[in-house]
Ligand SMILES: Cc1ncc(COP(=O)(O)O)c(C=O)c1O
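The chain below stands alone, shown as structure tokens; this is the form predicted alone.
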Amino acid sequence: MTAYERLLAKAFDPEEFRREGKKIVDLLADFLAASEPEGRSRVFAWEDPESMFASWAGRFAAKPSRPFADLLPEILDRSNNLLHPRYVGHQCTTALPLAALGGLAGQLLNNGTAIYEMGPVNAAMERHLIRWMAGLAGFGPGADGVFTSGGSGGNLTALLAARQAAAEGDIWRDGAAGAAPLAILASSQCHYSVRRSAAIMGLGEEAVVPVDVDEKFHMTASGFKTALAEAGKRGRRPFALVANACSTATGSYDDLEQAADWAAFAGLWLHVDGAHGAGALLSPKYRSLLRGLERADSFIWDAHKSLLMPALVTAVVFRDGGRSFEAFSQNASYLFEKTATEEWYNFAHRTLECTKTMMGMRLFISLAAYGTDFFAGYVTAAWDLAREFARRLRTAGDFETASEPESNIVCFRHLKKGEPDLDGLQRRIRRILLEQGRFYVVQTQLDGRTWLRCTLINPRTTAGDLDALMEEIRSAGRS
């Protein structure tokens, strides 16, 4: 047996997998234990990019040199710890350990699920999940959709379908040459992926016409009328309106009933970017924030933001399920035997991916194991905690908030007496927090001012953690 054959046998040996797997799970369980509230491991171990890059150089050798179980502790020690209750940074959630195990199973199976024969189990699970989400949104039995890799891909998928619905011909087949330039009206607080989608579609970033917002960061009627007029001035024909539920920067929900009225008035496709905030559909207390969603033509929902899933799991849901086949209308004889609408189970008709992970399985097994009430409780608690944090900030006297939180996102600033540069102060405070590694917060720009921004996305974060954050910020401000 050659050296290659011996190594190949070892690589696929079930007992070797069992032994190494136990080591890996034990290390991860220890990491989880250290992330418990009483463990208080670091949230973040800051290193500048060049130093990080240099430290990992030259690790590849012709012969086996470093087992994964030896490498993993260093990976864990130098990575962001999203399991830590004091991670209140970006909108990527703490992953349910069970869902991570589901990811392990899915990756070992490695069933590419863009076509049914490659991933039959996931195809069935995914369709049930889409119907469940559509039902929560108030869509009828004709709704349909698909899972894709992230909110950016989800927004692009929906807007491609919207463009096809508005086109005078078949843009996918014939192209857009000779057609009138198109426009997308979107909240000035929309995610950057909307502009990116316009550019990818060949419309250009100028095709996105911003709709002004009020002091609570909601689109306004006057802003919509102005955007319609501006599209006309640019010589463009609007075909879609994008509303936030909720916005990335502030967590604010647009009035979807009002947005639906505007879209109906102007003959526009209404797309709702619910990547972060659609999880409120599960909460009896907060689902009213999404009143009017049932009138949208499409919406997206990231399970890796409000359903505790490892990234990436994004649902793109269409009220008229037939429209879900219009984003990517293409024939590939080596994959498909029938027309797209006859093959709901071949998701490549409707997604960017030709190889798609078993992303639906992770969510399906988690809902089956814990029940929907568990996830409803998580969303309600996170949204509640944001309001409580904002109340504590306002009553403290040395903080201000950008607006009353509507989701689990809070934007705020530390106020230091005599400080001439409050924007610079927030940036310096954040840098100190990153270097200390005991908390992880981010920042954003609102109306030209710099704000600290927290996403309360870890289900084990408490009000006590947030009190400690305020003290940490004060200390950083003094230094």
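Don't overthink the numbering: it's just position in the shown sequence, from 1. Given the structure is predicted, the values throughout are model-derived calculations rather than measurements.
Heads up, the form predicted in complex with this ligand isn't pictured, but that's what we're talking about next.
**Student:** If we take heavy atoms and a 4.5 Å cut-off, which stretch out of 270-278, 72-80, 256-264, 131-139 is in contact with this ligand in the model of the complex?
**Tutor:** Stretch 270-278 is the one.
**Student:** Which residue among R195, R287, R295, H304 has a heavy atom within 4.5 angstroms of this ligand in the model of the complex?
**Tutor:** Here the answer is residue option H304.
**Student:** Note which of A143, A376, L312, L228 lies within 4.5 Å of this ligand in the model of the complex, where distance is taken over heavy atoms; exactly one does.
**Tutor:** The residue in contact is L312.
**Student:** So in the model of the complex, is this ligand close enough to G103 to count as touching (4.5 Å, heavy atoms)?
**Tutor:** Answer no; every heavy atom of G103 is more than 4.5 Å from this ligand in the model of the complex.
**Student:** Spell out, yes or no, whether the shortest heavy atom distance between A183 and this ligand in the model of the complex is within 4.5 Å.
**Tutor:** So A183 does not count as contacting this ligand.
**Student:** Using 4.5 Å between non-hydrogen atoms, is C246 touching this ligand in the model of the complex?
**Tutor:** The answer is yes: C246 has a heavy atom within 4.5 Å of this ligand.
**Student:** Would N111 count as touching this ligand in the model of the complex under a 4.5 Å heavy atom rule?
**Tutor:** Flag for N111 set to no.
**Student:** Of 137-153, which residues get within 4.5 Å of this ligand in the model of the complex if you count heavy atoms?
**Tutor:** Stretch hits, in order: G150, G151, S152.
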